[in-house]
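Listed next as C-alpha cells is one chain, alone, in the form predicted on its own.
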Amino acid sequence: MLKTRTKDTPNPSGKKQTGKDTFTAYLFLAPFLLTLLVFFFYGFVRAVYFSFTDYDLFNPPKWMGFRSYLNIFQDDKFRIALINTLLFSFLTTALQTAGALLLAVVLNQRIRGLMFFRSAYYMPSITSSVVITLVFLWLFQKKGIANYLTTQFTQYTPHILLFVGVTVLAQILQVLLEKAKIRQAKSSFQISWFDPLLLWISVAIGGIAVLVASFMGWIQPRDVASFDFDWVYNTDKLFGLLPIPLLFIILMNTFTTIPTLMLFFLAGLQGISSSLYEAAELDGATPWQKFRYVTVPQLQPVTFYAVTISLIGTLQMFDQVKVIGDAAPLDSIITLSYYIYNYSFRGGSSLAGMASAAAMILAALTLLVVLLQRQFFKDEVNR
C-alpha cells in the first residue's frame, strides 16, 4: 500500500529553506544590530551606571547614589539649559511644522518650473549644518547683510510705504472694476483678489508712482543712523524670556529643517483624493475653506509624524550651539545636549557623572514628550 503525504505532514526541505532565509536575514541585519547593541544599548546601560557615580573619565567611578541628580538640579547652568531646550524645542517645532505645511501646499500647485522650485527649496536640508551656521553668522554679524538691509529699509521707509499703498489701492480698484464688469455681463466667471495679471499691473503702477514722487522731490530718503544690532553676542531677551542668540539659532534650525518636513507633507498632499476638493468646489468653498476643512484634516497623520520627529530632534539640538561657541554668551544658547558634552569633556576636570545624570533626564524628557503626544492624539497613533 502506497503512503501519500497530507497537508499536515512536515516538509523537511521547506523547513531547511526557511532556516536559510532566516539566517540570511539575520546576516544582513547583523551590522545594524551590532551597532545598536554596542553604541546604543551598551552605551545607555553604562550611562545609567555612571549617573549614580562621581566618574571623571580618568579614575575608577565611586558609587554615590542619587547625589548627582540632586547636585544637577542645584546647578544654575542646568536650569538655564533646561529652559532653553524647552523654549527651543516647542518654538522651533511650531515654526517648522507650519512653514513646511505652507511650503508644501504652495509647491503642490501646478506652476511653471515646479521641479526647480522643489529642488531649490530642498537644498538647505542636504547642506551641512556647520556651513549653514557659518553663513548665518556672516549674514547676522554687526556689519552683515541683515543689518544693512534693515538700515536701507529704515532709510527708504517713505518709498516703501508709498509703493505698498499705491499697489494695494490699484489692486482693489482693478478687482472691483472687473467684478462690476462680470456682474454687468452676468457671467459665472470669478476673479480673485490676488489675480496674477492684475497684481503685476498693480505692482507696475506702484513702481511708477514711487519714481514720479522721487523725481518730483515729494519723498526723500530719511537720514538715519546705521543699524548695528548685535544678533549673536547679545544678552537681551525677547519679551523677557527668549534670549536673542537662541532666537538666532531657532531661525537657522527652522531654515534647515523645513525642507525635510515639506517632503512629508508633499507626499501626504498627493495622497488626498481630488474628489474631496471637487465636492468642496461644488459646495462653493473658498480656497481657505478647502485648506481648513479638507487639507488640514486629511494631513493629520502626517502632521503627527512631523511633530513627533521634530520634537525629538530639537530636544537633542547640539551642533549649531557647538559651532557658534564663544561667539555668543553661553547662558543664552546652552541646551541640555551641549551641557552634557560640556560637562563630559572639560579637560582635566570632567564631570562625567553629572553629565550622565543630565543625559538620563534628557532621555526621560524626550520619552515624556512623546508619551504625552501619543496620549493626546490617540486616534492618529491607532491609524
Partner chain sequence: MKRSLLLAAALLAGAASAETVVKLNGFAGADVAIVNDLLNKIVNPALAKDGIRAVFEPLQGDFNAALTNALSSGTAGDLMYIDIFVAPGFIKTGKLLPLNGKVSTKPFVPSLVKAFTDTGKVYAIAKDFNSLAITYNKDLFDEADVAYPNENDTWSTFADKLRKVKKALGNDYYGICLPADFARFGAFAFATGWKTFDSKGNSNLLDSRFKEAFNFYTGLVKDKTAILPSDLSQGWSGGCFGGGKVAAAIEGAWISGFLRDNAPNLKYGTAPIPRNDKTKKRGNFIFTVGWAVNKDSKVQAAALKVLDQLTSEKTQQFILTEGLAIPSRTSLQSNSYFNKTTQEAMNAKVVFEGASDGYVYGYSFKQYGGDWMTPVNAALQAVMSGKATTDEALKKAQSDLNSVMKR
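Residue numbers count along the first chain shown, from 1. Everything quoted here is computed from the prediction, not taken from an experiment.
One more form of this protein should be noted, the form predicted together with its partner chain, which is absent from this view; the next part is about it.
Stretch-level contact check against its partner chain in the predicted complex with heavy atoms at 4.5 Å: of 88-96, 123-131, 227-235, 207-215, the positive one is 227-235.
A residue is said to contact a partner when one of its heavy atoms sits within 4.5 Å of a partner heavy atom; residue 44 fails this definition for its partner chain in the predicted complex, lying far away.
With a 4.5 Å cutoff on heavy atoms, residue 222 does not count as touching its partner chain in the predicted complex; it lies far away. At the 4.5 Å threshold, heavy atoms of residue 77 reach its partner chain in the predicted complex. In the predicted complex, at least one heavy atom of residue 57 sits within 4.5 Å of a heavy atom of its partner chain.
For the options 118, 290, 159, 142, the residue carrying a heavy atom within 4.5 angstroms of its partner chain in the predicted complex is 142.
Residues of 201-229 that come within 4.5 Å of its partner chain in the predicted complex, judged by any heavy atom, do not exist; none qualify.
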